[in-house]
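Just one chain is shown here, as structure tokens, and it is the form predicted on its own.
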Amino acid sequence: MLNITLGESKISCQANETVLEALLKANIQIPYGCQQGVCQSCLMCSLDAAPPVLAQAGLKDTLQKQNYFLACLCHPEQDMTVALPEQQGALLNASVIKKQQLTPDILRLVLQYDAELTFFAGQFVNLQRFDGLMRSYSIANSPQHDKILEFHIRRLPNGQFSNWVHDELGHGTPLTLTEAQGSCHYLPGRMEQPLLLIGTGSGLAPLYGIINDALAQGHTGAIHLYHGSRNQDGLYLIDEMRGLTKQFDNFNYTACLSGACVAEQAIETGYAQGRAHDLALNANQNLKGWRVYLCGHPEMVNQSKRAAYIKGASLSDIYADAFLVSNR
């Protein structure tokens, strides 16, 4: 008989029981559905050891790397300390060290944090201000930076948090943040695999981190980035992206303008005319074996998921964290 620890609760798990069965028997309620590993509603994280391999069946490799598992499939092989995805750790302290306007509506915010934080470029954290108001933002830098986190925050017309960041948040102001979450990030292992990244607006943030992380780790497969906006004011980091195309032969960058009156502007500036996902998917007819990252407007992400799958991409190789496609 083994012990399962969840928060303040420690329960016994019989040899023939799964983690889910043991928790439910102890009247500890967690989300679950099919109990066959299909719906993935019972996703949990092991905090002290890698879970059994069979308990990770069907999960994306990025989640497996973070010790996530399905409670309904997990027959423990040793004592386990587990957590639900939103209960992985306490808040960490951070402070503002840089603000930079990237576009009229998008701000680069750089924080320095004071404790250990494990993250992958492209994951997200929840930022919390002094009064408890919290929002989720993607990490735009790779883990090689020393206790630094970068975010690209778009101002929303009625965005209580984003307007505060743009207008009031000052240098040195303290914030708190959660541990990193999300499966939308780069993992080494298939260095020759082609990568297709499609983003709109501030959806470039996680893609920017993923690209830099992949290149820093020596990814050899082709990397294609399509970043789109209705007009030129919505595009940013253009020089940095074009610089990477000169530095790395396997990196390709296409800036896309989709507004009705940008044809002449697109030609003059070297931008492609059209919606980023349309251009990307038309240019790449066969996506079998590719890894696809999608970040931006919900409609674009949903359409692109379907189209990428139809063109041969495996569902396990299509990445888009839910919060990345919503307005924050």
Partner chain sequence: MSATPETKNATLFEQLGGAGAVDAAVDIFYRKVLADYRINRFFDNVDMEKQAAKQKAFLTMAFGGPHNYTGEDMRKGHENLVKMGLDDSHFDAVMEHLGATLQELNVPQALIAQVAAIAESTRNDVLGR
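Residue numbers count along the first chain shown, from 1. Being a predicted model, the structure only gives us computed values, none of them experimental.
The same protein also has a form predicted in complex with its partner chain, omitted here; what follows describes it.
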Its partner chain in the model of the complex has a heavy atom of only one listed residue within 4.5 Å, and of 40, 284, 64, 46 that residue is 40
Taking the shortest heavy atom distance, is residue 306 within 4.5 Å of its partner chain in the model of the complex? yes
- For residue 313, is any heavy atom within 4.5 Å of its partner chain in the model of the complex, or not? yes
Given that the partner is absent here, does residue 58 sit within 4.5 Å of its partner chain in the model of the complex, heavy atoms only? yes
TODO: Check whether residue 27 has any heavy atom within 4.5 Å of a heavy atom of its partner chain in the model of the complex, and answer yes or no.
DONE: no
